[in-house]
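The chain below stands alone, shown as structure tokens; this is the form predicted on its own.
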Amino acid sequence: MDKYILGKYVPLNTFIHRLDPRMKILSMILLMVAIFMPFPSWTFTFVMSGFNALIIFVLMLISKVRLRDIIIQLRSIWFLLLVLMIINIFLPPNGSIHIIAQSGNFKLYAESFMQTGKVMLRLIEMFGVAMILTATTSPQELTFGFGWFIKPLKKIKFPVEEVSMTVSIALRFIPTLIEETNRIYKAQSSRGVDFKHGNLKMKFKGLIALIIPLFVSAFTMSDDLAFALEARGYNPKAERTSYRVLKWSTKDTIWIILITLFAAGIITISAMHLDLLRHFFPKIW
């Protein structure tokens, strides 16, 4: 099986694959909200992040999305995480009191590493939810589902069809651009461009040798796509019909109720500033 790439649809016959795309889009929004809810203590924050991660991991097992592929996607943002850690070290979060080390006036707080760890966990969970959606829902289904949600905006003459098509094309071209980047990377490496060694100046030249062909290739693909749409008589202003009609089933209703109850519970705990560890497990707290 090919590796899962964010934005790439993998045609399988799992339970989540068979669900309605509108339900999956709404579930993704609810799970994203639950992931980013704040909590009153660091301990409870990591406990709830672990609970969210467990739920997402179960969904990944059902949809056959591998955790290793999410880690691969996170390689591209390791530099961002490193910068975030440095910022947290020199500008610790408010209320930092646990000092790990001290040198003169500089103090290294444990909260700096906790903040970075919290962000990393949330990014992994966010990537997991996004990959579950894109791996189990085809671009056409995503277009239909997204278009259904914004369809009421037609009354104020909002370009629903154009926006839906743009979103569908953007999702479709994410894996294509990643594959094109890998192809250019290998081609430039075979020509002697060193991306891994050398000083900063040499690495910058190597990056230029990668970015410029990628931009040229992206613009070429966009021109080909525009010509193909024109050749097929695509008219964004015309009234569109579809041979496929979305059908909401009982299993979609049950699933969205479960996801809504889960997200509502997380939001309630966060909004009421409840620390369940403090109330039920005071020794751990």
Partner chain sequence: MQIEFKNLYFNYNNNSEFKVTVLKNINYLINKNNITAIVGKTGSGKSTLTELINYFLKPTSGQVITDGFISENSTKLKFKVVNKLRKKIGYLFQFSENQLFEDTVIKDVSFGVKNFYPKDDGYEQKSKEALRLVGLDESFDSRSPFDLSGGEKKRVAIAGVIAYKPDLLILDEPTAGLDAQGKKEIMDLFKKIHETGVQIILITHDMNVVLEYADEMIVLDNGSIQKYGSPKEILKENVEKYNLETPHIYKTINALKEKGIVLNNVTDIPSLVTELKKHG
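Everything quoted here is computed from the prediction, not taken from an experiment. So that the term is clear: the rigid core is the largest set of C-alpha atoms that superpose within 1.5 Å between two forms. Residue numbers count along the first chain shown, from 1.
Note that the form predicted in complex with its partner chain isn't included here; everything after this is about it.
- Would you check whether its partner chain, in the model of the complex, lies within 4.5 angstroms of a non-hydrogen atom from each of Pro11, Arg183 and Pro213? Contact check passed for all of Pro11, Arg183 and Pro213.
- Quick one: which of 99 to 107, 81 to 89, 113 to 121, 188 to 196 gets within 4.5 Å of its partner chain in the model of the complex, going by heavy atoms? Only one stretch qualifies here: 188 to 196.
- Message: So, Met202 and its partner chain: in the model of the complex, are they within 4.5 Å at any heavy atom pair?
- Response: Residue-level check for Met202: yes, a contact with its partner chain.
- Answer with yes or no whether Lys251 is in contact with its partner chain in the model of the complex, where contact means some heavy atom within 4.5 Å. Residue-level check for Lys251: no, no contact with its partner chain.
- Query: Leu74 near its partner chain in the model of the complex, any heavy atom under 4.5 Å?
  - Reply: Judged by the heavy-atom cut-off of 4.5 Å, Leu74 is well away from its partner chain in the model of the complex.
- Is Ile208 close to its partner chain in the model of the complex, meaning a heavy atom pair under 4.5 Å apart or at it? Close contact exists here: in the model of the complex, Ile208 approaches its partner chain to within 4.5 Å, heavy atoms only.
- Please check if Ile150 moves between this form and the one not shown, taking a CA shift of 2 Å or more relative to the superposed core as movement. For Ile150, whose C-alpha is compared between this form and the one not shown after core superposition, the shift is less than 2 Å.
- Message: So that I can tell if Thr220 moves, could you say whether its C-alpha shifts by at least 2 Å between this form and the one not shown after the core superposition?
- Response: Superposed on the core, Thr220 moves its C-alpha 2 Å or more between this form and the one not shown.
- Query: If you line up the core, does Lys205 shift 2 angstroms or more at its C-alpha between this form and the one not shown?
  - Reply: Result for Lys205: yes, a 2 Å-plus shift.
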